[in-house]
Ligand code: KIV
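Next up is one chain by itself, shown in structure tokens, the form predicted on its own.
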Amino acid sequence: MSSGSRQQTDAQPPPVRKQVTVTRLAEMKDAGEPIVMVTAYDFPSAQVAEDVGVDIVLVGDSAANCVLGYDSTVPVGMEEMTMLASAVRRGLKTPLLVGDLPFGSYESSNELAIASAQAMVKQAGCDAVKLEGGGASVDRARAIIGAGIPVMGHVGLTPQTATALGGMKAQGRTAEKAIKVAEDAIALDRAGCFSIVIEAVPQAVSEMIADRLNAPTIGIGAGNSTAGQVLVLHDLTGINTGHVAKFVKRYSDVRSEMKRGLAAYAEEVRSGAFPGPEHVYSVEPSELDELRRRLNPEDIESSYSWDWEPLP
């Protein structure tokens, strides 16, 4: 038997991935198995997340900036978020899908919060929802959980209310402000959130907070003491340009590669090099002769009825 045949015979099938659930995430935390979360907004991105085996995909309201062209996350609404989440749902099988509740969709009442969460689950197919902040958001989280929908909390830098926090900057850098972040996180944990995102908080602070929570924590700019990490796909792949947060690491330069490909396409169209013979369809010569015979103005006009009435 050749070595190639032996390798083929001995090859093992790929391991079957477990469906990621809220329970599975708790097990991962207890086992010290890092949780991988990514923020994505469309079907092909979801397919990539599925292929590489991430654990959680968040359809974040950062879609407002990354794909819809808004200046902040505030303008994006439920209709846009459910549309994007539905597209991501169609590309996923294994990861847990979490949909962000956008600004204005949950703050004013428990009833509104539940209705918005139900829309994310029923219309978009999300497994869970995420909301930002403590305070009244804790009551909203408790109400949504009571309605049977898992909730992910979010403390520290909360972009929807960044203006009240002094802008898009790190939080919890004084003892007083760190206590506020900790209080919000503990309140969300006690309300029953299955996971809590900690954003833009010093590592030493996030470590102290994570140690006091039952729920797995997901860090973004919060160091490596959390149970998992999240970055926006458009940031880590280099699709986004301009200023990026300190906590973002570029793992590829997709935008440059997109520009290279598009520039090459434009050049070939303008030079006539594209499409080439390999890109066009053929037709039988006899069919082409018949087409030439019949394709004349008289035959074309006679094949249509031109009965019409003029507009009044």
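Note that this is a predicted model, so its numbers are computed, not measured. Residues carry their position along the shown sequence, with the first being 1.
The same protein has a further form, the form predicted together with this ligand, not shown here; the description that follows concerns it.
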What is the one choice in Leu213, Ala227, Leu96, Ile220 with a heavy atom within 4.5 Å of this ligand in the model of the complex?
-> Ile220
With the cut-off set at 4.5 Å between non-hydrogen atoms, does Met120 touch this ligand in the model of the complex?
-> no
Touches this ligand in the model of the complex: Arg140 (any heavy atom, 4.5 Å) | no
is_contact(Leu58, this ligand) in the model of the complex, heavy atom dist at most 4.5 Å | yes
Answer for Lys130 alone: is it within 4.5 Å of this ligand in the model of the complex, judged on heavy atom distances?
-> yes
TL;DR on 178-186, 84-92, 205-213, 227-235: the one with heavy atoms within 4.5 Å of this ligand in the model of the complex is 227-235
Going by this ligand in the model of the complex, which residues of 190-229 come within 4.5 Å of it through any heavy atom?
-> Val197, Glu199, Ile220
